[in-house]
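The data below hold one chain only, encoded as structure tokens and taken in the form predicted on its own.
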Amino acid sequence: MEEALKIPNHVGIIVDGNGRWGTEKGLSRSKGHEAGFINLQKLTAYMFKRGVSYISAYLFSTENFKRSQKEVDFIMNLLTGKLKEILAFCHEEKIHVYFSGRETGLSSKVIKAMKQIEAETKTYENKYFNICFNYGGHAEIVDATKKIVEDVQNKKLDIGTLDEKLYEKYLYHKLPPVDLLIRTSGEMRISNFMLWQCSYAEFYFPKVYFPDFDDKAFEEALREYNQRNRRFGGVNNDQKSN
């Protein structure tokens, strides 16, 4: 029986440890990424069932191009090679998919697959899956700033009206703040992931590699999240009375 826990509206996941999972099992890093892909489908379906409305998954960063060409090519081919499977999953679960990141450096085949997934799922509501692919938090903020400058130069925006709420509209997608950020594999850093959106997120760093981060592991994350005191810069009632 599921526990009566407070469910975060927006969960961010830094998918980490796929390659190491494969290596430690005597497999290739590519097999690890394939196992991670399979788990991502299972995990997102469970998280949405649990009541999460938004999931943002960090699958490939702008810095990941520094990896071997073989590994980069495999990750790119996962998206295109599994296109039918991805679409079937999204239609079955009625998931609205976004892609966040730059198109620079991506093949036309990958870009076409991304646009097809977005187009075919855009009518779905209540379950929103933001896939961060060729993404960087610094890049998102820089790209947003460039759009703002362009609108100011074209007299579409009065710079005096710019505030945080308006700035958010220039990010890749208008998403709610991340409530819970999970990074698997035990690494304790956010690696340039959704810097704007994670300003008040609760961080959780389980040691398990992503292919093994299942529904039970997510329940542990939820229990930890429910123990946190989210004050958003303020103080709680107990502190006020002291």
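Everything quoted here is computed from the prediction, not taken from an experiment. Numbering starts at 1 and runs along the sequence shown.
There is also a form predicted in complex with a small molecule; it is not shown, and the following applies to it.
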ask   = Tell me, which of 59, 180, 55, 40 has a heavy atom within 4.5 angstroms of the small molecule in the predicted complex?
value = 59
ask   = Which residue among 86, 75, 131, 110 has a heavy atom within 4.5 angstroms of the small molecule in the predicted complex?
value = 75
message = Please pick out the stretch from 200 to 208, 213 to 221, 170 to 178, 65 to 73 that is in contact with the small molecule in the predicted complex, where contact means heavy atoms within 4.5 Å.
response = 65 to 73
inquiry  = Against the small molecule in the predicted complex, would residue 14 count as a contact residue? Criterion: heavy atoms within 4.5 Å.
reply    = yes
request  = Answer for residue 28 alone: is it within 4.5 Å of the small molecule in the predicted complex, judged on heavy atom distances?
outcome  = no
Residue 230: touches the small molecule in the predicted complex, heavy atom cutoff 4.5 angstroms = no
ask   = Any of the heavy atoms of residue 189 lying within 4.5 Å of the small molecule in the predicted complex?
value = yes
